[in-house]
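Only one chain is given next, in structure tokens, and it is the form predicted alone.
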């Protein structure tokens, strides 16, 4: 498993048969052209300024000269900027078309942005929170937003497209090597904007076919998978911490307190969150909100099937309790650890392919000497201590946040994921 990468893929096909222009290279060329022109102008203007300050200072020319006109100077400063601007425009338009015009045989995937997650829908109706694509095949993205303006930003493929409610925009790319490439939201869209992360996972055609054929119910707690795909876990935690919305831990059977925004009588409404109450909260487009939280949760009547709704209710009723007591759903796997690391934002600072980002790479981390003051080896105990209090374990200030609210199952998932990436020395 490789980490989110910012390097360009080896090759990206173009939209026109026989056209050998590389879309990524085209965008890079436009950037270098504009950067080169800007650097040249900076150097030229700075040199001219220094020259004129020295050549025409008051000591040498106490009486200022008066120049009325210079035809050649006027031609140069009119024609040259025009040529520069037209050249930059042509290069930008060329690279825009290279990214915009998808090949006719491209695999089309629907992208729905919402606060604060991405939902990718594949041919056949399968959904996921990570964009899985086959290597070597062009992929066309049809992007829109459920709520506010977001920005789909995949630096590895030079894609940066706004997703606008009520409008569908398009872009395309092709990955020519397996790996994972980070996706950011480039438009500030609310409180959890910084956590609106995902990835493009490029896999072989065989693995992609297996992914499409997977039965979601067989890959883990299906209700949790549905909530993740629908963006619920971007606002609601499962560990008891409050986020943009109230936590879902122990929500089943509790009593919710709701208020009507702007109501003069400040009346409150209490609702028992059993099966019927949760269905009402999830599916209805409400005029009331949970007390203490902003009224930003949409109704899901047009987004959830009855089966998906029942899966969510079943998970809220049984799944979370089983997780906390070590029941059937508490089995930890490296894949779950990888998903958790992505959801918690770990892969934004730590790669899994050996490259250095903000923090050390997860690849080969286990068994490696740490950067702590005591140079302790990174083992299970060290990772557990880091998750609880990074600064205390390192013996120095750290930009890494603490994760004291992770459950024991979640910590085991992370440990298994780190161990799956090999121990120090390259052993897998």
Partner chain sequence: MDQTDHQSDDLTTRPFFGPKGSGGPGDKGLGPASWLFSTDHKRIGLLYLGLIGLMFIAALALGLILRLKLMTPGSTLLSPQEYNAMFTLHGVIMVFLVVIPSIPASFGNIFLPLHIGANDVSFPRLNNFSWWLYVTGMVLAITSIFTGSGAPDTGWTFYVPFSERTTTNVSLAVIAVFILGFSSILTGLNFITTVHRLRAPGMTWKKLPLFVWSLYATGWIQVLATPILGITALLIFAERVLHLGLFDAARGGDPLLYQHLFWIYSHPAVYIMILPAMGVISEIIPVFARKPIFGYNMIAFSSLAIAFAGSLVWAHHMFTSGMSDTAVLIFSFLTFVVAIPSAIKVFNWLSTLYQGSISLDPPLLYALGFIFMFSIGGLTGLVLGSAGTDIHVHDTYFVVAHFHYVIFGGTGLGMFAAMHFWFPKVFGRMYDHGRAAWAFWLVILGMNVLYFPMFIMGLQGMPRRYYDYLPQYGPMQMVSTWGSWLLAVGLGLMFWNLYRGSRYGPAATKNPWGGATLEWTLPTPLPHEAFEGDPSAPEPYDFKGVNPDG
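Worth saying up front: this structure is predicted, and the values here are computed from it rather than measured. Residue numbers count along the first chain shown, from 1.
Absent from the display: the form predicted together with the partner chain. The rest refers to it.
- Annotated contact segment (heavy atom within 4.5 Å of the partner chain in the predicted bound form): 86 to 94, selected among 251 to 259, 86 to 94, 335 to 343, 303 to 311.
- Taking 162, 207, 108, 121 one by one, only a single residue has any non-hydrogen atom within 4.5 Å of the partner chain in the predicted bound form, and it is 162.
- A heavy atom within 4.5 Å of the partner chain in the predicted bound form is found for exactly one of 233, 149, 290, 203: 149.
- In the predicted bound form, at least one heavy atom of residue 186 sits within 4.5 Å of the partner chain.
- Contact annotation for residue 166: at least one heavy atom lies within 4.5 Å of the partner chain in the predicted bound form.
- By the criterion of a heavy atom within 4.5 Å, residue 399 is counted among the residues contacting the partner chain in the predicted bound form.
- Among residues of the shown chain, residue 61 is one whose heavy atoms approach the partner chain to within 4.5 Å in the predicted bound form.
- Not one of 276, 278 and 385 places a heavy atom within 4.5 Å of the partner chain in the predicted bound form.
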